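One chain is shown next in structure tokens, namely the form predicted on its own.
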Amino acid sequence: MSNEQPSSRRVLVTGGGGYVGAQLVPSLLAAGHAVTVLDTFWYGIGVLGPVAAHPTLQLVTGDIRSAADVRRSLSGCTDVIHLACISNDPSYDLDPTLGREINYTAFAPLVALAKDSGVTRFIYASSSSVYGVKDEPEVTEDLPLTPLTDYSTFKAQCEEILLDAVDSDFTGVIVRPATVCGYSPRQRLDLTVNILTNHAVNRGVIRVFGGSQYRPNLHIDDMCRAYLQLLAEPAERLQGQVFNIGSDNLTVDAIAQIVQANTPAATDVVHEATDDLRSYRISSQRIRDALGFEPRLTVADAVRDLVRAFSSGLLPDAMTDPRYINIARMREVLEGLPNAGGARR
């Protein structure tokens, strides 16, 4: 569904072939925006299949560490949504040097080149992992950041770089999303809701490690809707702002019960011990108060979307294909690179 009036904006989406990007790019095009995607497309350019021939979509197969690739991608762009990274700690840890180059070292040059190219708005996808472990019942944007890993440390440091770069002609805004869930053409099945649904549908057993830990969740369509709203808002409402974005703060046990209730076949829930007892809940009150943004979808909606995707044959070999698991696909990518060079999402 497209707007009647096309936008005058061209949005660069770095990592537009990733889990969120593959769902976001069609949403941007449907809203009337022109879009450029910069990605290595190691998960395949086919993830953007239905829109790949769209007249206002430009696909650049390249690397955010390459100034030439970035300059080419920025041509004519008014906005940047920066998604590109090696996302999650296990994938990052496969090659920490590569992770640092993509998740941190490339960031300041990207911001500088965006400013030089005339970009006026830069939206950075950080992570709620920058908070580390907190005792507070709900984590707000005002709490100090205590990242526990290199991945989350670099996310926090990139936030500082962007905030230092903002000025009257360059608006910077940071989002710290909850864990995204639901169906995407570039599917991830290594995230809590998606993992449990995959096992429920394809093995008939929901394996829960621990269960009492809280996890914040966000439907992928609400994540995309948030980016669209951040493009539409006046600059003065966004400048230098940091927003948590989440919907349901649920225990892993509660997520398992939602999955069990929304999968067609009877499934057993099996509990197993874990030494990963990270537990946190984020507050999204700030974005509600400042911008009126409210998630519309739930974890149950995400589960039902995934069930439909499985039943429609959109996710073949879901238990075995490495393309659904970031760390498995990253291992394949790194094995094929002469010097372990540039992945994304």
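Throughout, we count residues from 1 along the sequence that is shown. Quick caveat, the model's predicted, so the values are computed rather than measured.
Another form, the form predicted together with a small molecule, is not on view; read the next lines as being about it.
Residue contact check for residue 87: one or more of its heavy atoms lie within 4.5 Å of the small molecule in the model of the complex. In the model of the complex, the small molecule sits within 4.5 Å of a heavy atom belonging to residue 40. The closest heavy atom approach of residue 177 to the small molecule in the model of the complex falls within 4.5 Å.
Not displayed here, the small molecule is kept clear of residue 11 by more than 4.5 Å at the level of heavy atoms in the model of the complex.
A single residue from the set 306, 299, 64, 48 has any heavy atom within 4.5 angstroms of the small molecule in the model of the complex; that residue is 64. A heavy atom within 4.5 Å of the small molecule in the model of the complex is found for one listed residue only; from 186, 121, 225, 199, this is 186. Remark: of stretches 151 to 159, 137 to 145, 249 to 257, 203 to 211, the one touching the small molecule in the model of the complex is 151 to 159 (heavy atom within 4.5 Å).
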